[in-house]
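Next comes just one chain, in structure tokens: the form predicted on its own.
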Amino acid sequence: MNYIIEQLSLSFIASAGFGIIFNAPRHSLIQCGFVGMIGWISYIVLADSGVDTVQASFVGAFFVALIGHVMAKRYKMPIIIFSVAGIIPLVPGGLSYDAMRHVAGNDYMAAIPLATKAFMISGAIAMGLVFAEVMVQLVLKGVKR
């Protein structure tokens, strides 16, 4: 239980912190942290239960975009404020760093799988954001009829 609380609080702090760095409006920082927390907890629950990190990143980004849409409608702000700060915990920065470290050390055989995994996770995050956007647009189009 402490593990989940630790993950929730750290992802909240990371997302809200990046909201500060990206000059998000001050009154939206709590919502930015909440969006990042939802995305990260969906990722970590799936990754810890044995789901591949690429698929878990897709689901995490999907939830970030969905909750970001809800927050954008609720607080009448652009969704980019919530989605950019929300995906920060999902970005594979450590994996990319390790890949570049191996490249700098001329160990290309170790760098290629790491770079491939980082690239696939980055693509999954982008796909998760796009799929959620398409789904929200389809639902809104269906509601307006």
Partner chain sequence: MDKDQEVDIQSVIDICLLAGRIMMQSGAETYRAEDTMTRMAAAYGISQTHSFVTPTGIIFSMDGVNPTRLVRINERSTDLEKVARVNSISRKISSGDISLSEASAALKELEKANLAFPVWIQIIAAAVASGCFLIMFKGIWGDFLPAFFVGGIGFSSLLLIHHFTKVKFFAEFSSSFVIGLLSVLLVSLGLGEQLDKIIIGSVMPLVPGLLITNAVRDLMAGHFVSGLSKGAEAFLTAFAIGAGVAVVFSF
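Residue numbers count along the first chain shown, from 1. Treat the numbers as computed from the prediction; the structure is a model and nothing was measured.
Keep in mind that the form predicted in complex with the partner chain is not shown, yet the notes after this line are about it.
Shown without its partner, this chain lists 81, 66, 38, 56 as candidates; in the predicted bound form, only 81 has a non-hydrogen atom within 4.5 angstroms of the partner chain. Residue in contact with the partner chain in the predicted bound form (any heavy atom within 4.5 Å), chosen from 46, 114, 70, 29: 29.
Interface membership of residue 136, defined by any non-hydrogen atom within 4.5 Å of the partner chain in the predicted bound form, is ruled out. The partner chain in the predicted bound form comes within 4.5 Å of a heavy atom belonging to residue 96. Though the partner is left out of this view, residue 91 does reach within 4.5 Å of the partner chain in the predicted bound form, counting heavy atoms only.
Mapping the unseen interface onto this chain, residue 77 counts among the residues with a heavy atom inside 4.5 Å of the partner chain in the predicted bound form. Using a 4.5 Å cut-off on any heavy atom, the residues of 113 to 140 that reach the partner chain in the predicted bound form are, in sequence order, 122, 123, 125, 126, 127, 129, 130, 133.
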